[in-house]
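First, one chain by itself in structure tokens, the form predicted on its own.
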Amino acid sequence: MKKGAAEVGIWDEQAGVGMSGAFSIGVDLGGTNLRVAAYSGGTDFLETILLPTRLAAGRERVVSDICEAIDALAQRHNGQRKLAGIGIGTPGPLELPRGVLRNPPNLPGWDGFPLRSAITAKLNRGVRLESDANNAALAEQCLGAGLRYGVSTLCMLTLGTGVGSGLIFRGQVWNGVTGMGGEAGHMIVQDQGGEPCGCGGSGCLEQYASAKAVLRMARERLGEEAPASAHDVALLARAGDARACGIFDAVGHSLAVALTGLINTLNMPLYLLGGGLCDAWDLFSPEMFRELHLRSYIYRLTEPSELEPERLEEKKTYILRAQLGPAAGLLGACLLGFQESSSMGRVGI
């Protein structure tokens, strides 16, 4: 992998931020795990703290865990380096700039919770707040595929337990009017008899292209023979089980429906797919590309000659795997910490 953006001076040029001698702290708040890291550039962390997200203990307990971990890292790394800022990623929907959570499916009971003010009150300092998927997209643009291919505008879908998404326009996160821009995981991909979704709708992409969706479809198609993880369903498909193969065809089909809407609307050069389900790329991508070619006339007009090139052709549309893996969301939160003290901001309308 090439050097990170911080190491080659891209942050100095684009945002007026010098990382030398400074560090940030990033927080990735998930429904199961809480990750907090100290960071000074590149794609590695100075130190990482991993904790369970104690949802059952209440919101204030989780906020206290976040702040205690931040304080511990600040004390340990504030000697030789100066703390530039703190960035926090959380499951969405997230109302910005207020930093209020709005019915997040992965944080039950947190609807209306003013996360930003709760954290700043305990820390007695400001923080930058973004959705976890936006942070992953930001990291990919600055340190991953965006850096490798020289792309500053991209869309990223994260295929994990659910489906998140982030939009980056000219190096900045696109938030929309209220901070909820880019919720592509809740695009409708099956409008008749669609699976109910935690967002309150039905037929959402998240219900057909996530690890949770793969397990549901496995139970429906395989019954008692259904494996216990999406990884095991993929192993079954690679062994030639037609029912398991059909599950990943359904994933590819649903992704193609969503990507058709995104490509036809946004006309971006790069769409990245990340998250654990991308380990099954070889199983779902053939159907995804086949269906996308049939559905999207914009994709047909801009289809590249190579699906996985060393360099991107100009004015072509690429759908590629993300490069940073599970660290992307936390790296993006750390990058937000440097943005806290910079002129680089979010983009709305």
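As the structure is a prediction and not an experimental result, all values here were calculated from the model. Numbers follow the displayed sequence, beginning with 1.
Unshown form predicted together with a further copy of the same chain; subsequent notes refer to it.
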| item | value |
| --- | --- |
| Candidate from G276, G176, P114, P227 lying within 4.5 Å of a further copy of the same chain in the model of the complex - any heavy atom | G176 |
| Segment assignment from 240-248, 117-125, 193-201, 78-86: heavy atom within 4.5 Å of a further copy of the same chain in the model of the complex | 193-201 |
| Heavy atom of G223 within 4.5 Å of a further copy of the same chain in the model of the complex | no |
| Heavy atom of F169 within 4.5 Å of a further copy of the same chain in the model of the complex | yes |
| Exercise: M268 in contact with a further copy of the same chain in the model of the complex, heavy atom 4.5 Å | yes |
| Distance check, T302 to a further copy of the same chain in the model of the complex, heavy atom within 4.5 Å | yes |
| Complete contact of T153, A184 and V257 with a further copy of the same chain in the model of the complex (any heavy atom, 4.5 Å) | yes |
| In the model of the complex: members of 81-116 within 4.5 Å of a further copy of the same chain, any heavy atom | P93, L96, P97, R102 |
